[in-house]
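Each of the two blocks below gives one form of the same protein chain as structure tokens; they are labelled structure 1 and structure 2.
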Structure 1
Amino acid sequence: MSLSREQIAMRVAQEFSDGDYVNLGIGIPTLAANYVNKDIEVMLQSENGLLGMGPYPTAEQVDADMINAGKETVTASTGASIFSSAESFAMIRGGHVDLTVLGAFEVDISGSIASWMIPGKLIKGMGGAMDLVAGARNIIVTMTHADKHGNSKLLDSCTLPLTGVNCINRIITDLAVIEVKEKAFHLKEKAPGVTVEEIKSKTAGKLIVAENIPDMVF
């Protein structure tokens, strides 16, 4: 079976290392704040001006003034800092973020990403994704492997307007963990109960598959 949004976020959180500064994008990435390993210290950054974002609040903890970039209420961890959006983007553009996790419409075998617009559809703006993919040291994409019509989002070449070029290192979908290198997708893990054949059928871009692909562990 394909992973739920929460399971994808749980797998994303396994990518965090002790001492990392991590930016979590809107959607599935923000859910990873709930699953950070208790044995490590990670500072989660929100582009609207919060460093040290904690898990989502309980009903008793909700503070309408404490929000992330997706306008969701959040908590602040011990040692958190609050500052202006301008300072937040200076942090991002200055290369001080170790890892960015964001969603996407498409990713291709060159590591290029399309995430900010679909031509002909109303958009509010490009947001901060272009700064994030240009400034972070490591970039992971989370998304469903295929769109609601069953079309693959992992392509030989993106068809939508690009957010960044040759910048994505890893993709975590509802079916698989995939590394992007050497002009190909390399299958590293699969969701429990999902077959390699299903992943192949839903991956339009060049896919390299080793002999033994382990299941994701949560």
Structure 2
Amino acid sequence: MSLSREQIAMRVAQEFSDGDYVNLGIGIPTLAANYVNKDIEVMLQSENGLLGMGPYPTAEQVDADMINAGKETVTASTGASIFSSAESFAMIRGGHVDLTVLGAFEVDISGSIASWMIPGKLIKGMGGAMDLVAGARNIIVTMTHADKHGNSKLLDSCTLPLTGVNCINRIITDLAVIEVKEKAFHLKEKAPGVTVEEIKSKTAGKLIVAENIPDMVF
């Protein structure tokens, strides 16, 4: 069985280490904040200028001056700091953010990512995604393994305009955990109940499969 969005988010949360500063993109990455291991501390960075993003506010706490990068009302956690956009991106571009998790349309075996523009469709912009993929030390992509027509999103070479080149280390999909290195995808884990054959059939780019691929553990 392929994973649900929540299960992908749960698997993403296992990538967090104690003391990590983490930037989570909109969608599944944001959900991962709900599954952080209780024994570790991570601090969430929101690129509009907040380090230490807390939960959504109660009705009484709602404050128009307190939003996240998705423009949603939010709170600051204990130990948070608030700063300008230039400071925020100095953190990101300077490599101070330990981990970035974001969605994508395509990733290729070189670790290049396409996530912001589909030619022919209205382009809304890249926001902070290009800065994040150029700056974070460790970048994980979450996405479905194939699109709704069954076309693989893991390619030898991205076909869509890029967000960044040679920057993605890991991909967590509804079917598998994949490491990207040495111009190939390396299958590390598979979703429970999913066969290696299915993953192979849905991975268009070069895939290296070792013996005995373990199931993801939740």
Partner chain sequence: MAGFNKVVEHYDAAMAGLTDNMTIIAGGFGLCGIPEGLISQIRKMATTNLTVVSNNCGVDGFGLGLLLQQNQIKKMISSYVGENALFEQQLLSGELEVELTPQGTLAEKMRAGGAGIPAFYTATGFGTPVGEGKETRKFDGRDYIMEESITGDFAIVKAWKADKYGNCIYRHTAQNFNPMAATAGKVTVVEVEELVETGELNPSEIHTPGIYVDRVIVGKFEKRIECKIITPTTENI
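Computed from a prediction, not measured in an experiment: that's the story for all the values here. Superpose the two forms; the largest set of C-alphas matching within 1.5 Å is the rigid core. Just so we're on the same page, residue numbers count up from 1 along structure 1's sequence.
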Name the structure that is the form predicted in complex with the partner chain; the other one isn't. 2
Rigid-part assignment between structures 1 and 2: does Ser46 fall in the same part as Ile28? no
Treating the chain as two rigid parts, what rotation angle in degrees relates the smaller part to the larger between structures 1 and 2? 17
Once both forms sit on the same core, give the Cα displacement of Glu60 between structures 1 and 2 in angstrom. 8.9
